[in-house]
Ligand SMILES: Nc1ncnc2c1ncn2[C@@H]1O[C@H](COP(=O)(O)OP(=O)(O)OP(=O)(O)O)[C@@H](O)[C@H]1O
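In structure tokens, one chain follows: the form predicted on its own.
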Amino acid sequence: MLLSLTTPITFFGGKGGVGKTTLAAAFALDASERGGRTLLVSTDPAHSTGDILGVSLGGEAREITPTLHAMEIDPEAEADRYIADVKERVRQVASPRILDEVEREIELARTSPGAEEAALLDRFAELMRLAGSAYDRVVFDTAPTGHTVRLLSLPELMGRWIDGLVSRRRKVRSLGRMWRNVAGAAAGSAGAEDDPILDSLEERQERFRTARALVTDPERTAFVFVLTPERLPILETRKATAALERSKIPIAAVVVNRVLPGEAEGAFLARRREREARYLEEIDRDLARYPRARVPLFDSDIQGMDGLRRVIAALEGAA
């Protein structure tokens, strides 16, 4: 079920510690081995993707196999890059007299709530456009649930906000034209048709619109929730699925990870299996509207290509 997903963009999300990085990496490896050039992107600050793959990853895509590339995005580095870009654009239009003050205000914005999310959204939008061009598939291993839900809801919110900025900037530009028409040569004309600020706003406006269209298109994007048969992951998944549904983001599947295998024995495991059975029934009842798969708890850590292929084999036989 999970391995049959063919959307160009796939997000894996869930509560911290449930194994979403392992599932995302296994899914990406399988997609790449089925013939699709695949990019695996980690946005989880914990960054265990490189550990699982057995390589060192950074902010640029690295070749893992000829058809699989991977990268780990650092939210702080993205925010710094975003702010540097804003400063560069401002320098093109701001008067030297006020430039220092403007840059101080920009630095204050860097530490404000939501700055890293806005920068990440910009990077997300950039990477999502690679699906179907530089890569056949882009797979995102996302940060823990709450952060991811906020991030995926941002295209709609930021889109509305930037629409307002573009509208106001166009009004300012229109008033400038009116003033030049009235004042004539005294108003000056150099650079009258150049507006780097408006160009930047319109570029981001189009980027956010594209991101919004992509994350809400079930033909292009799928979201996979990973959870374990335990109380808190179930509660968090219920809330998160409801939030994504409100944002019209398509949820393709739910994977229940680390289910006790049937051959596990002993009184302790018997009691744990009894409790687990109740949680599995709860998951099947409360998340019945989504396709579901179960992956067993393995007897060793999942690491490297051989470990990921064990997960792929379990997904192929998942029920």
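Please read all numbers here as calculations on a predicted model, not as lab measurements. Residue numbers run from 1 along the displayed sequence.
Below, we refer to the form predicted together with the ligand, which is not included among the displayed structures.
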{"item": "Contact of T67 with the ligand in the predicted bound form (heavy atom, 4.5 Å)", "value": "no"}
{"item": "Any non-hydrogen atom of P75 within 4.5 angstroms of the ligand in the predicted bound form", "value": "no"}
{"item": "Contact flag, D301 vs the ligand in the predicted bound form, heavy atom cut 4.5 Å", "value": "yes"}
{"item": "4.5 angstroms heavy atom contact with the ligand in the predicted bound form for G307", "value": "no"}
{"item": "Heavy atom contact within 4.5 Å of the ligand in the predicted bound form, the stretch among 278 to 286, 256 to 264, 57 to 65, 27 to 35", "value": "256 to 264"}
{"item": "Residues of stretch 13 to 39 in contact with the ligand in the predicted bound form (4.5 Å, non-hydrogen atom)", "value": "K15, G16, G17, V18, G19, K20, T21, T22"}
